[in-house]
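What follows is a single chain, given as C-alpha cells, in the form predicted on its own.
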Amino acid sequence: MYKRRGKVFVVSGPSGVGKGTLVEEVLKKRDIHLSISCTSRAPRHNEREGVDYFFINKEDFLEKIDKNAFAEWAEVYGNYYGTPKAELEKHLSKGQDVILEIEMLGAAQIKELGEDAVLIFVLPPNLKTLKNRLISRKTEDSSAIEARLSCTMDELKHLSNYDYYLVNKNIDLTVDELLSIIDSQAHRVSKDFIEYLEESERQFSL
C-alpha cells in the first residue's frame, strides 16, 4: 500500500504583502499544518509564543544551527529565523501537507533538502501599495521601511527560483488562487511515488 508523504508549500514575499493573512485563510479552508518558525527577535505586541513563533535568544539559535536542528534558517534584518527539522518531519512522514511562511533564503534551503516542495512568491500590486501597508502597521521607522523596500527589489531578481507567483491585489481572490495551487498538487507525481513504483514488482496496491 502506497503511503503518501506530505508536501511542503512555501509562501514567501516582502514584509507587508499579506502573507500572514493568506496563510491564515488557507488554514481555515484546508487540512494543512502550519509550520511555526523559531526566531531570535523579540515578539511584537500582538504575537504569541508557540502560535506566531517560538521565541529563543540568539545564543540558543546559533547552538541549534551548529547541531543542524533546522530544515532551513536565515538571518533577516539582523534577526534569525528557522524551521525546526524534527517538527517538519513529524508531519510530512504522516502524509500531512505543511505550509511554511518563510523568506527567500529559507525557501531555497527547503528545495535543496529534496522535499517535494512547491514555492509560491506573493507580490504587491506595486511598491507604493507595499510602502503604505508597511507604514500603516506602525511597527517600524521610515529607515527600516526603506530598507525593506530595497530588499524587495533584490528579491525580485530571484523570482525564477519559485514555482508560482501571486499578485495580492484583492485578498479574497488571492486566497482562492493559492487554494487552487494547493489543490492542484494533490495527485502530482512525486519523487516518493516514483520510488514506490520502482520498488514494486509485478503487482502493487495504491
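So that there is no doubt, residue numbering starts at 1 and follows the sequence shown. Bear in mind the structure is a predicted one, so any value in this text is a computation, not a measurement.
Separately, the form predicted in complex with guanosine-5'-monophosphate (5GP) exists; it is not shown, and the next lines address it.
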_So guanosine-5'-monophosphate (5GP) isn't shown here. In the model of the complex, which residue out of Arg44, Lys67, Lys157, Lys28 has a non-hydrogen atom within 4.5 Å of it?_
Arg44
*Looking in the model of the complex, is guanosine-5'-monophosphate (5GP) within 4.5 Å of a heavy atom from each of Asp97, Asp116 and Ile120?*
no
*asked:* With the partner left out here, check for me: in the model of the complex, does some heavy atom of Leu88 sit within 4.5 Å of guanosine-5'-monophosphate (5GP)?
replied: no
*Counting only non-hydrogen atoms and a 4.5 angstroms cut-off, does Ser37 reach guanosine-5'-monophosphate (5GP) in the model of the complex?*
yes
*Quick one: does Pro124 come within 4.5 Å of guanosine-5'-monophosphate (5GP) in the model of the complex, counting heavy atoms only?*
no
*Is Leu92 a contact residue for guanosine-5'-monophosphate (5GP) in the model of the complex, using a 4.5 Å heavy atom cut-off?*
no
*Enumerate the residues of 92-107 that have a non-hydrogen atom within 4.5 Å of guanosine-5'-monophosphate (5GP) in the model of the complex, in sequence order, or give none.*
Glu101, Ile102, Glu103, Gly106
